[in-house]
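Only one chain is given next, in structure tokens, and it is the form predicted on its own.
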Amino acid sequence: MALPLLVDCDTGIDDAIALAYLAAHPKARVSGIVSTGGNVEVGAVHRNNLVLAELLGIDAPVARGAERPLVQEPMYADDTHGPGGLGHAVLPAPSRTGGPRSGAQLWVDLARERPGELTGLVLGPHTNLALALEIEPELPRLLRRLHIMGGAIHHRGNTGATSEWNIAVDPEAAQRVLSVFSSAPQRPVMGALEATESVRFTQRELDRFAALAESTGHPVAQILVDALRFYFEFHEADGFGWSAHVHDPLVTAHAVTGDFAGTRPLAVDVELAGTLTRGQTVGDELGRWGREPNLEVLTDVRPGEFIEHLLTALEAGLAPASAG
């Protein structure tokens, strides 16, 4: 049986790779996509998601999310992902619209339709899931499980000194989600930077993507090549060399397979008031808060095995027969 997933993402280069992986993997089925502003503004994200869903053959609703975070002003990562979100890639115009349903309402509708079956996968800010909890507070019990890419527990930030992008874009939303989901039957799984930054693409992986595009002619394969070139250029300019940290696909693959990393329980909260630390995810390693763990955090990542799994899945799933 394929695992039904609702993917909430701010697509985004690594989000696009994650969507391609889900379309390619035989044990995953995308039941819905929510477009969340983050890497770029929500309109550009929504366009990217509509085009990618069409090209990947994902027959599922794509809903446009909220225009801005719950409290603070929007911020975007055009320097990291390019002005349209997918680096140097040039996308065709989408042939369909996402319809009138909001991102928050799509969370609620799909969870109510399949109680206990749907896995939630948040690869961007938490704005729309936080809004969905206002409509349906029972979401933690309606979902099978929630998987999150975000946070930095014992790791430098990639936005502020201690904050990770997906949390920093909307800290109030993330704090609300972590608080409400503390009552979930299964703890949500968080892939924080200390896990995801162990996944690093080099020229070898870029060459594999280029070979995939050449051998299959699949339009998404070429989009990923053009997007990754921009991502490599950004990381090189940022002092990381000719390489790229690829965050979302690891969390996505773990949600589907349960493999390539372990987990450990931890009580985690989001700092909302710190002058220097707003948006930081704080883990209570010593139990000073007196709270039960509310998350399982990814640990002991096996990046080499994961990267090979990812590339193999894409090579099989983006074969010429599936191109369109």
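Fair warning: this is a prediction, and the values are worked out from it, not measured in the lab. The first residue of the sequence shown is number 1, and the count goes up from there.
One more form of this protein exists, namely the form predicted in complex with ligand RIB; it is left out here, but the text below deals with it.
K.L.:
If the cut-off is 4.5 angstroms on heavy atoms, which of these, 105, 222, 158, 216, is the one near ligand RIB in the predicted complex?
P.N.:
Partner contact (heavy atom, 4.5 Å) among the options: 158.
K.L.:
Of 244, 193, 110, 177, which residue is found within 4.5 angstroms of ligand RIB in the predicted complex when only non-hydrogen atoms are counted?
P.N.:
Contact residue from the list: 193.
K.L.:
Tell me, please, which stretch of 163-171, 95-103, 233-241, 180-188 lies within 4.5 angstroms of ligand RIB in the predicted complex when heavy atoms are compared?
P.N.:
Of the stretches listed, the one contacting the partner is 163-171.
K.L.:
Residue 81: heavy atom within 4.5 Å of ligand RIB in the predicted complex?
P.N.:
Yes, residue 81 is a contact residue.
K.L.:
Any of the heavy atoms of residue 149 lying within 4.5 Å of ligand RIB in the predicted complex?
P.N.:
Yes, contact at 4.5 Å.
K.L.:
With heavy atoms only and a cut-off of 4.5 Å, decide whether residue 39 touches ligand RIB in the predicted complex.
P.N.:
Although ligand RIB is absent here, residue 39 would touch it in the predicted complex, with heavy atoms inside 4.5 Å.
K.L.:
Decide whether residue 227 counts as a contact residue for ligand RIB in the predicted complex under a heavy atom distance cut-off of 4.5 Å.
P.N.:
No, no contact at 4.5 Å.
K.L.:
Of 276-310, which residues get within 4.5 Å of ligand RIB in the predicted complex if you count heavy atoms?
P.N.:
Contacts from 276-310: none.
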